[in-house]
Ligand SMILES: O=C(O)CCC(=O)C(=O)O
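So this first bit is one chain, no partners, the form predicted on its own, shown in structure tokens.
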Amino acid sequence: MTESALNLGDIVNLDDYPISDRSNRVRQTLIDRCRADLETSLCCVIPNFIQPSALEAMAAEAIGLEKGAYHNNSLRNCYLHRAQDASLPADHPRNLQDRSSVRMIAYDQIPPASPLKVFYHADAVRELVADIVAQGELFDNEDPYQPANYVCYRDGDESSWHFDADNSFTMTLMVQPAEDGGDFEMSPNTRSNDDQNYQHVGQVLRGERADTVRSIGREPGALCIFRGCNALHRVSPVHGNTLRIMGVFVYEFSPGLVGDPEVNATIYGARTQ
């Protein structure tokens, strides 16, 4: 598989998922199943979505780029804030902090012909995701760093419990799992748009509501779409020498959107194009 010859069939398992054919009943069945899963559990998983050769190419690419990744290592609360609020009790969820350690490979560091970028920019992929989340047309993010990233975890890295800030949905691809650990865990419907539900959030953060926590299976090639804005989620500590590699993608509901440069600096490091 050469970079210059990549097309959607080189990357997506079109035999099982004929996503380019909008009239195909298999495509519609997939959409219906994913919509139902999002409605009930805020998460849907499409297994074996990516061709093995494309996964191998993505993993090799990320491993080669990882030395230039930004190591985002900090204490934060589940709302992605690093500062505590002295006006609130010490055990309030906004004051409960935990360590997050991940290594970010930004969009501008990834070659233009990367299978990750070809996948992200494919009309058929974007249209499928739009049909699944059912909130209108989607557009590519136009930020220099955000649209498609590799997120890597070495031994000891983890992503602490958090909500995704303003995203109505999050889209990730498992490229390479860890030898051990690195489990994607979620507590669905931890809060709602109308109720922050601080008592329940605090219970999950303190490990008192394990009954609400699901471990989402993520085999290589599985695409996951989830509503992380209202579901606490985390990646448990990674163990072993195998780099855990995720693809993370950002689509928008309006064209031309870019991120806040100050926020980007906290995620990708303080640098310029």
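Throughout, we count residues from 1 along the sequence that is shown. Everything quoted here is computed from the prediction, not taken from an experiment.
The same protein also has a form predicted together with this ligand, omitted here; what follows describes it.
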Give a yes/no on whether V235 approaches this ligand to within 4.5 Å in the predicted complex, heavy atoms considered.
-> yes
Counting only non-hydrogen atoms and a 4.5 angstroms cut-off, does M246 reach this ligand in the predicted complex?
-> yes
With a 4.5 Å heavy atom cut-off, would you call S101 a contact of this ligand in the predicted complex?
-> no
Indicate whether D164 is a 4.5 Å heavy atom neighbour of this ligand in the predicted complex.
-> yes
Does each of Y153, T172 and F184 have at least one heavy atom within 4.5 Å of this ligand in the predicted complex?
-> yes
With the partner removed from view, which of 204-212, 66-74, 37-45, 238-246 is the stretch that lies within 4.5 Å of this ligand in the predicted complex, judged by heavy atom distances?
-> 238-246
Quick one: which residues from 95-110 get a non-hydrogen atom within 4.5 Å of this ligand in the predicted complex?
-> none
